[in-house]
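Consider the single chain below, provided in structure tokens and representing the form predicted on its own.
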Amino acid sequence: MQKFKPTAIVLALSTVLLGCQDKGPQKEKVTIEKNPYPSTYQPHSTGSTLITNATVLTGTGERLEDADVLLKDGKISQVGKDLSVQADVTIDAQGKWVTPGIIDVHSHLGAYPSPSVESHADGNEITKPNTAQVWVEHSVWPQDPGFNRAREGGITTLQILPGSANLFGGRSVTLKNVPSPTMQGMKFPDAPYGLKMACGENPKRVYGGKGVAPYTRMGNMAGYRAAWAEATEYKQAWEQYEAAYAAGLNPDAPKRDIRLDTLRGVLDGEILIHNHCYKAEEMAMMIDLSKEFNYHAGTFHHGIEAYKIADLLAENGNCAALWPDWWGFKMEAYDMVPENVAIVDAVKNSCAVVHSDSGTTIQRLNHEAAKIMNTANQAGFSLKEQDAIKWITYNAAKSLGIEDKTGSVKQGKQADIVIWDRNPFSVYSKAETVYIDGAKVYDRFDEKYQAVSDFMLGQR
């Protein structure tokens, strides 16, 4: 006969119900602070800037010629031709291009900063297959010179992720790319947290080599399922507690578990999944896994074989964050085609994103997108600049759950804008001026707007 062994969560739930027998005065309700490290970022701009006569790529599929963009009080106030407005500063951008600020959904800046030395390598908590309790924001060194180099390439927003050693690597954080002495001073207000997961070779290599599960891909899946089953019980225990308390009873709260807090956040739809996953069949399994436990599978990062399941990704509302030409460095990254991004993008309701996962490539993400456009067009696609820009702006914002705030040149959005000296998909293009919330944070011709990290003081 099968014996039932009660889990800690079931025991906690029993404690809740027993506590409900207490008819005395209600104790103070136990609540979990979901944002104990809030953003302290404050936009700097209260003035206005009018950019005139530019070629504008909106990030949502439009290309506007000889267009004007008015930035006012940190927002995009107007977009159009021959705007009849006065501004504190007017820039004639004839011959130049304007795009939304570039967004990288996959960065490790600050957690794996420059210089790359062991004492600064804080991106992978390689101690257990499930470390959902760690938050990468607690590893971010805001003085990493890489943030400044990325800003020079037009990066205004970026997601910092933990590494991919574990089945559950921990929480990600989305940052505004502004100079700040603290992580919280960069933290994108109200951006959802992410949870880094990883498929395939990495978890089984790291732990299987130690004789610890997972040793195989089926071991990976078993680890995910066990964790989500436990998280489901944890969520139910807290919901039982809250319902009993609301009914006027006096229950005892379940025992707090910060690892399960993160997984419960996913089940409640508050935390987005970002899954390192290369192979088509594994991405499909992760979608099935999400349906088994009733959460959304989110964005697949590094999806080398995404082109094989482009229809499935679009149907399920998954973004795919991809490289243009980086593959073949391990077996699961072998079966790539250079048109991967274009094939995913071609499906209705798709969400193709170009990411970096590199402190170097992040400095020229526009050129990464350009490579895809060129390669795909040689293969018969008809992609244009207004198509390619969305891979590193609007679609990236959608992947991070902030598309209502940034990622496109649209009235009311945050004024995260880049002025390029020419077509940003030219190999010769450079970002001339970068604005975040309407404040100039980089100017190629003015050192006052070229931030220097403390680490680089005295160095050239």
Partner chain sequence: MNKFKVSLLTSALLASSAAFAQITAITNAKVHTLTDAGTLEGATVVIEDGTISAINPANVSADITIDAQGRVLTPGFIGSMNQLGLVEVSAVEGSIDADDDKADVDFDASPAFNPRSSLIPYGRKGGITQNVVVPHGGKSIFKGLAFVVDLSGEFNSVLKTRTALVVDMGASRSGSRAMKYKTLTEKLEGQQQKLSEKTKKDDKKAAKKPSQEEQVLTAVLKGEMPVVVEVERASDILEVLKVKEQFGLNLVLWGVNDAVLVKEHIAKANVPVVISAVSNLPSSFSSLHADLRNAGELERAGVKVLLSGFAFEGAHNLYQLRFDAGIAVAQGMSHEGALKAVSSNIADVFGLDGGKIASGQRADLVLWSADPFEYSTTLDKLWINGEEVSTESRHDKLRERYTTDSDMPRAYTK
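Positions refer to the first chain, counted from 1. Since the model is a prediction, treat every value here as computed from it, not as a measurement.
The form predicted together with its partner chain exists for this protein as well; it is not shown, and the discussion that follows is about that form.
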- Query: Taking the shortest heavy atom distance, is Pro115 within 4.5 Å of its partner chain in the model of the complex?
  - Reply: yes
- Task: Determine whether any heavy atom of Met331 comes within 4.5 Å of a heavy atom of its partner chain in the model of the complex, and answer yes or no.
- Result: yes
- Message: Within 4.5 Å, heavy atoms only: does Thr46 come near its partner chain in the model of the complex?
- Response: no
- Message: If we define contact as a non-hydrogen atom of the residue within 4.5 angstroms of the partner, is Gln86 a contact of its partner chain in the model of the complex?
- Response: no
- Task: Spot the stretch among 168 to 176, 211 to 219, 307 to 315, 94 to 102 with residues whose non-hydrogen atoms come within 4.5 Å of its partner chain in the model of the complex.
- Result: 307 to 315
- Within 4.5 Å of its partner chain in the model of the complex: all of Gln236, Ile287 and His296, by heavy atom? no
- Single option in Thr182, Thr360, Asn250, Gln78 placed near its partner chain in the model of the complex, where near means a heavy atom within 4.5 Å: Thr360
- Let me know the one among Ile343, Ala191, Val206, Ile273 whose heavy atoms come within 4.5 Å of its partner chain in the model of the complex, would you? Ile343
- Task: Just give me the residues of 336 to 367, first to last, that have a heavy atom within 4.5 Å of its partner chain in the model of the complex.
- Result: Met336, Val337, Pro338, Glu339, Ile343, Gly359, Thr360, Gln363, Arg364, His367
